[in-house]
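Let's start with one chain on its own, the form predicted on its own, as structure tokens.
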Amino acid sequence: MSYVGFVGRNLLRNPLRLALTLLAGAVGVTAFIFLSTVVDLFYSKARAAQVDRLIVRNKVSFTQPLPLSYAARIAALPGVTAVTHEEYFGGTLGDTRKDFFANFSVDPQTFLEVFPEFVAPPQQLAAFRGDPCGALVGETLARRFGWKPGDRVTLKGQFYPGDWTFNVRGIYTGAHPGVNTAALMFGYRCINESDRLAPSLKDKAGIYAVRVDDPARSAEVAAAIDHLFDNSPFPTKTESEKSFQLGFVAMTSAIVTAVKGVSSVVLLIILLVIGNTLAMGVRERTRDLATLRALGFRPRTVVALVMAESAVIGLCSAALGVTAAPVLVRLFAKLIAARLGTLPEHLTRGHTLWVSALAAVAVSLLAGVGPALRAVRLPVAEGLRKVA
């Protein structure tokens, strides 16, 4: 009998126990992938940040606005190739947040110059730019509500009281996977030129996004922007897009840390489950292993056989978990979409799946170390006297 056959026969000695162990391992891998995906969601915008983009916000807080007049002054600085502005609107379709989705007011003329990852057909883009209350809707969001160009969408403002109606002028897609296509953006003039807007909020922007010609000069350009408005009533803080997004993650650091802690506990559970199964298997085969030693098999061969069993359990658990996790994550995303809004389509990253599978195999191998050492340390004579 070959070594492969020997390992297979040992694993199938107790099929029910093996099946339950694989199931427990697969559940652990699935839980680990699920939790890792949650952590990935917190960092998704930071990962998508571009090195040639800067974010300019109010130095006091990003919730405080900046004058629209800053755009022209920032654009005139050396190294700046494009400037746009946007502001979170936070509108909802109804009185509740059941149909919540992200929505922003933007400058239609410049927004896609700074954020080229949002792609819209030229004709629809021209219509969006020509309509003060025109809106671009992501393809995922449009599919969710059945919206198409020409439809009218009314949102209830959370920060701007009242109902605001926008004309869907185009459907945008992402230039690459991972771009958020579940948002709505509309022209800032629709609100800024409205009589309902308080005078104190007119001609204001939430943040500015700036593209620079050379990422190596980003720090120099950021310093120049902040220096330009140092003595103004609205001083600025300019930082890289990644730093800006990580600032949001820092606000929820307690949640992220807790999720990471639970992920570690899941790996520990996998370790204990597989380790227990292997220990039971080695204990039941004490006489068989002692017989192998008596026949001349070296201790390292016995260790290799036990570790091979451990690796097979880890690989099978990882395969089952990696197959099931993306499906479960998508189902969960659909369930919470009503409360948190539509999530990006590509939630589970390939990197997460690979890392989870490797972690499962590594933990399985670690779980096999103890039983393997016990198998070779047992005296041959004592093992042969052992009755299973």
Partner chain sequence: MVPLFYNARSLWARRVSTGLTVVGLGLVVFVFSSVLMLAHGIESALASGGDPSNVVVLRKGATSELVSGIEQEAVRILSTDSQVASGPDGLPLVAGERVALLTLPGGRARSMSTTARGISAESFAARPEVRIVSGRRPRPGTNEVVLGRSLVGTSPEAGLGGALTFAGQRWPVVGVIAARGGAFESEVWADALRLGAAFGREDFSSAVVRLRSPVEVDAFVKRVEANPRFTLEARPEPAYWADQGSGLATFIRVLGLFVSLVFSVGAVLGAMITMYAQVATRVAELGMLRAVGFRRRSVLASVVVESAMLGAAGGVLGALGALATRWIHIRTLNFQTFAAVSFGFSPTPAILLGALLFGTAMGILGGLLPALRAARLSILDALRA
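On a predicted model such as this, the values are computed, not experimentally measured, just so you know. Positions refer to the first chain, counted from 1.
One more form of this protein exists, namely the form predicted in complex with the partner chain; it is left out here, but the text below deals with it.
In the predicted complex, every residue of the candidate spot (L16, N276 and F332) has a heavy atom lying within 4.5 Å of the partner chain. Using a 4.5 angstroms limit between non-hydrogen atoms, L20 touches the partner chain in the predicted complex. By the criterion of a heavy atom within 4.5 Å, M251 is counted among the residues contacting the partner chain in the predicted complex. Taking the partner from elsewhere, T63 is found to have a heavy atom lying within 4.5 Å of the partner chain in the predicted complex.
Within this chain, K45 is remote from the site of the partner chain in the predicted complex, having no heavy atom within 4.5 Å. The contact with the partner chain in the predicted complex, taken as any heavy atom within 4.5 Å, belongs to V38 out of L320, L353, A359, V38. Contact annotation: of the candidates V266, A222, L155, V168, the single residue with a non-hydrogen atom within 4.5 angstroms of the partner chain in the predicted complex is V266. Picking from 72 to 80, 185 to 193, 255 to 263, 209 to 217 the stretch near the partner chain in the predicted complex, with a 4.5 Å limit on heavy atoms, gives 255 to 263. Shown here without the partner chain, the chain has Q158, F159, P161 in 133 to 168 lying with a heavy atom within 4.5 Å of that partner in the predicted complex.
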